[in-house]
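Just one chain is shown here, as structure tokens, and it is the form predicted alone.
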């Protein structure tokens, strides 16, 4: 016999948790169905590699100074600290490793003051004002009269940060989102001191009696005034849940894979949006190094990159006695390829990426600890996070976010329509929005 609820929330990631929080506050009878064996979605923290210090292998940072994630931290007495990533960046190009503008290299073509100014201000302004045919960022950059270092910085801030290759990311869609965003993306980033998992566990704690883990949704049927959700539990047996409304927070990669059947099919505009928005690929690889002189030779750097698929971050830059652990952020087609390889192969290839952007005199040392995430091949994620390719627009995100027949509501970072998708706070905001839509529809005659 099927069970009944007012609202079923599908997915217990950040959007699902935010939605559930609002439903609970409104006194709505709800149930959360989560396919994985934990909550948090693409947020995941490793606390074993660094002797108890948290290292993120999912969402890495808080982007922005005023976003809702900070309010969540304050609510639970948690803390954030600024990450001086860009200010302490090192860039490798044409056989040279350069840091951001210093008096000795103001005119350097790679990342001198002029190149930095072009990359941080001039090119983004040109990109925002571009009104020609939508092309890839790689094609657009190739046409720009700018120094190599400026193009390097734009590639990092737009394509690499979007978990995309530069030839896959569009120009007009991201420019449209930049204009809509409430804060500049890429310049003010923060680290959750206690780790993102601490935030997830505190938000989820009062909801856990409503969250059903290891429950895979296989089909969603709908009719006027109700929904039917077919499930498969950890025992392999099927089940059925019925509700007046459903909030779907599945990652875009899962929607694109069509592992959940909709009956009747979703409207054509919704299916067009699912196809038009791209889902980038991203992996995070943690390397704990022994006998390394990276920090001694390069200084207290926060970012190391050389236009390859992997950028390297030091999560505890600017702190006393930071551990010798590097955070490799791998994106694009190479991330999808490597996600299928063994741990040893991923570790060795990541080390090759690191050595390729360092002078031979720098001693990398030995890897004596390793961890990684494999989001591109995770069956309940199938990628990293969303971006707009050539032809993709914010209107596609609006279509993805739109309710269906007054009974299906959609949340998740890919449905963010105000310029800040692909972020934790974007996911939270969409969860709140979908909860409000569902509650309003329940109250409507």
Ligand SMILES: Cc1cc2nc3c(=O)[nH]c(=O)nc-3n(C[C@H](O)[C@H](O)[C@H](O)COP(=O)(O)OP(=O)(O)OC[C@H]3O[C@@H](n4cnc5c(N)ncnc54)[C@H](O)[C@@H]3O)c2cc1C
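Everything numeric here is computed off the predicted structure, so don't read it as measured data. Residue numbers count along the first chain shown, from 1.
Below: the form predicted together with this ligand, not depicted.
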Subject >> Interface membership of residue 396, this ligand in the predicted bound form, 4.5 Å heavy atom rule >> reply: no
Original post:
Should residue 423 be counted as a contact of this ligand in the predicted bound form, where contact means heavy atoms within 4.5 Å?
Top reply: yes
Subject >> Partner contact for residue 282 in the predicted bound form: this ligand, 4.5 angstroms, heavy atom >> reply: yes
**OP:** Answer yes if any heavy atom of residue 12 is within 4.5 Å of a heavy atom of this ligand in the predicted bound form; otherwise answer no.
**Re:** yes
Subject >> Contact residue in the predicted bound form, chosen from 72, 116, 329, 301 - any heavy atom within 4.5 Å of this ligand >> reply: 329
Subject >> Residue (of 362, 216, 351, 257) lying close to this ligand in the predicted bound form, criterion heavy atoms within 4.5 Å >> reply: 216
Original post:
With the partner removed from view, which of 45-53, 396-404, 23-31, 379-387 is the stretch that lies within 4.5 Å of this ligand in the predicted bound form, judged by heavy atom distances?
Top reply: 379-387
Original post:
Can you name the residues of 237-259 that have a heavy atom within 4.5 Å of this ligand in the predicted bound form?
Top reply: 249, 250, 251, 254
